[in-house]
Ligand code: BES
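One chain comes next, on its own, written as structure tokens: the form predicted alone.
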């Protein structure tokens, strides 16, 4: 999908197949709306994401509640979805900004690309999106004067970030038989080669040498050997140093604490955290952000067999802490324990963010569409929540407390891998991870549980059925904010 900018007004004779008009907050009296009577006759209520295609006039109307970037992104995603299956090959649209803020144009571009996504790798008949060219007029909804240079930059950023999100979606949606740890490492190596990132892959011998025994325990019943992937973006004069850590469970059967059959379906999505880190690193490299970023991914498959790790085992993590295993389905935190410890050994960071589909409890707590943000530092938590919302993702903070921390106490080891209560599971999992954050990084770390939004079995907003690429946009927005703060 290609984008071009024009100074011509959108009503001019721009030779495109169809025009897309966003109706803001039900305002059918706006000058962009040319078919008020037809829209009323068609029963178009102007609701957010509601569309009305007037084929005879080659115009598609879509509702948006406001000029906020989140509403605009959803509207353009809905528009491109509504055009799927039609013969239109190009479209034109005006610029919709919130008081001249060109970030809304980036949201428009993201919406078009994210909304046009489909995963049809395993379908015999491929669905094609025929729209190949989108022309954006600099004529603005409220007659704001826009700089073509600023708009062009936002279009460029929108393309990179949406493409990285779709790259992440593809990895998550790929079946476990086609995407196991070795394949995940190959994808990272290929992406690094394309974007100029440095990629190091740790194989079992090196993992053993690095004393990542909890990760190796989770992996040992699988025929697919584990990998730890380290991606690096290191520009000159970097403003900050950031570490990203992702859970890459390419498949999770639950191990000997076997999941019920229904819960095993969609477990290809347990690599969403690691996939998000890959997508973020791809975008960082292509945007060439002036910030040093390290991405660490623990790629592992959790299976059953005679060599499987067991409830009642006591494992020794890389940082020397002992872990009593009471449930082998609480495996992601065991993988992250070692990868977090390794990441802190390798890099002294200004911030550490980990991404994981860690707990069903997060989905119970905040629903399918929201990420849970945890940590010891309220400012860091709030930073993640704020930038997630600015990027169009939903996130909320969940607070640690001493009472829940007591529930992961073990009588025979330093810590237990699962709590002794059925309540507060997202928080106790986060508190378990905090055991593997050293004192130096304690107030620089946030845990991001993306179990809710990472994989949903229906379309929502700009997201399709399946993988959403959760975490990519929020983290790029956060990193841009850190760079901007430092610059000013």
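Positions refer to the first chain, counted from 1. Everything numeric here is computed off the predicted structure, so don't read it as measured data.
Note that the form predicted in complex with the named molecule isn't included here; everything after this is about it.
Only one segment in the set 146-154, 263-271, 314-322, 88-96 has residues whose heavy atoms sit within 4.5 Å of the named molecule in the predicted complex; it is 263-271.
Residue-level contacts in the predicted complex: of 110, 393, 252, 338, one residue has a heavy atom within 4.5 Å of the named molecule, and it is 252. Of the listed positions (130, 409, 259, 206), a single one reaches within 4.5 angstroms of the named molecule by any non-hydrogen atom in the predicted complex, namely 259. Contact annotation for residue 229: none of its heavy atoms lies within 4.5 Å of the named molecule in the predicted complex. Of the heavy atoms in residue 330, some are within 4.5 Å of the named molecule in the predicted complex. Using a 4.5 angstroms threshold between heavy atoms, residue 281 stays clear of the named molecule in the predicted complex. At a distance threshold of 4.5 angstroms between non-hydrogen atoms, residue 359 is in contact with the named molecule in the predicted complex.
Applying a 4.5 Å heavy atom cutoff to the named molecule in the predicted complex picks out 418 as the lone residue from 402-429.
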